[in-house]
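As a starting point, one isolated chain is supplied in structure tokens, in the form predicted on its own.
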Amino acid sequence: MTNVKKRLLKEKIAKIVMQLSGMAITASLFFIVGTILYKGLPYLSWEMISQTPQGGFYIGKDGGILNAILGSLYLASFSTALATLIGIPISIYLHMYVKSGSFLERACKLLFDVLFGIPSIVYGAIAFSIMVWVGIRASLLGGIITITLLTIPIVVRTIDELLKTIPTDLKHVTFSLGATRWETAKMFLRYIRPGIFTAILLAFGRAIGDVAGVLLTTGFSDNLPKYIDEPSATLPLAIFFQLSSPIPEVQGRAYASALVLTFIILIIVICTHLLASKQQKHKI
């Protein structure tokens, strides 16, 4: 077999592997969405998403999951906002103020890589210990603190990778024109603005879908979340509790709750892509 034929054979094998991988991922997505639709759609109703749980909701009686929907939105929104406000300055500092290749830069990136991979239950356990020491009970505030700590590494590492895509010459040109590091950083943030929306989406998706981290810190309540120092329900916990029931109707409601959660994430994805596309048109 000639060298050219070997290269063409490798090309065909690589193409087949990529096609099979894409088909497997697509099939998995359709299977998950199809399962949720098949099992959850018959139990989804306006009453379910517009009412709070009544007495005996988790044993098949009347009520809905409005408290869990609002709790998840509050938790994910506040924690993602805090993680973004904290994570972006950290990324800017590591990229603009810390010497490239220095021990501090490598140590910080290694630290955030480790934090990125730590399971959420560990964050929940640590946050729970801090809450006990400070005197904070299980509440929406505790969940926000936990999920903020969980999502900060996501924002930091994503923004850091985005900053690496900026041409080095652009940085040199801005400095040669007399721009300060902070002025250069602001220009870089405008340059990577579409990618920042992606980082926010990743953090929000992790925040709204987490179970283990909020299990110990947020608590659970059938009431609507009104105050930050009160326990709050979340959709992942509501799904978990309903799936744990032996009653088929309650399990069906769990899949309906999962369908609502998927729909919320879908809306966030669409809005994020629209914003990113809009910003891409004005990219410098």
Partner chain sequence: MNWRLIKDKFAQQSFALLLASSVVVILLILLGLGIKSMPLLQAESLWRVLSESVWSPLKGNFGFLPFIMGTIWVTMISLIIAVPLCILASVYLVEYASEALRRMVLPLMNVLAAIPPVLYGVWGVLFIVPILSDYVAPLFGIDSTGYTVFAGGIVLSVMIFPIMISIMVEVLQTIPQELKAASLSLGATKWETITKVILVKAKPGILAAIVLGISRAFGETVAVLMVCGNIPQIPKSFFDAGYPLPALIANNFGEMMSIPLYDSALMFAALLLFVIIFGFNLISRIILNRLEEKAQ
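C-alpha atoms forming the largest set that superposes within 1.5 Å between two forms make up the rigid core. This is a predicted model, so every value here is computed, not measured. Numbering follows the first chain given and starts at 1.
The form predicted in complex with its partner chain exists for this protein as well; it is not shown, and the discussion that follows is about that form.
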Run the contact test on Y43, N223 and P231 with a 4.5 Å heavy atom cut-off to its partner chain in the model of the complex and return yes or no.
no
How about I247 - does it come within 4.5 Å of its partner chain in the model of the complex, if we only consider non-hydrogen atoms?
no
Can you tell me if L243 lies within 4.5 angstroms of its partner chain in the model of the complex, counting non-hydrogen atoms only?
yes
How about Y74 - does it come within 4.5 Å of its partner chain in the model of the complex, if we only consider non-hydrogen atoms?
no
So, F197 and its partner chain: in the model of the complex, are they within 4.5 Å at any heavy atom pair?
no
Residue stretch of 65 to 73, 46 to 54, 251 to 259, 223 to 231 approaching its partner chain in the model of the complex, non-hydrogen atom distance within 4.5 Å:
251 to 259
Residue within 4.5 Å of its partner chain in the model of the complex by heavy atom, from S129, S176, T168, S102, is S129
Could you list the residues in 92 to 112 that come within 4.5 Å of its partner chain in the model of the complex, counting only heavy atoms and keeping sequence order?
I92, Y93, L94, Y97, R106, C108, L110, L111, F112
Is L41 one of the residues whose Cα moves 2 Å or more between the shown form and the other one, with the core superposed?
no
Has the Cα of Y227 moved 2 Å or more between the shown form and the other one, judged after a core fit?
no
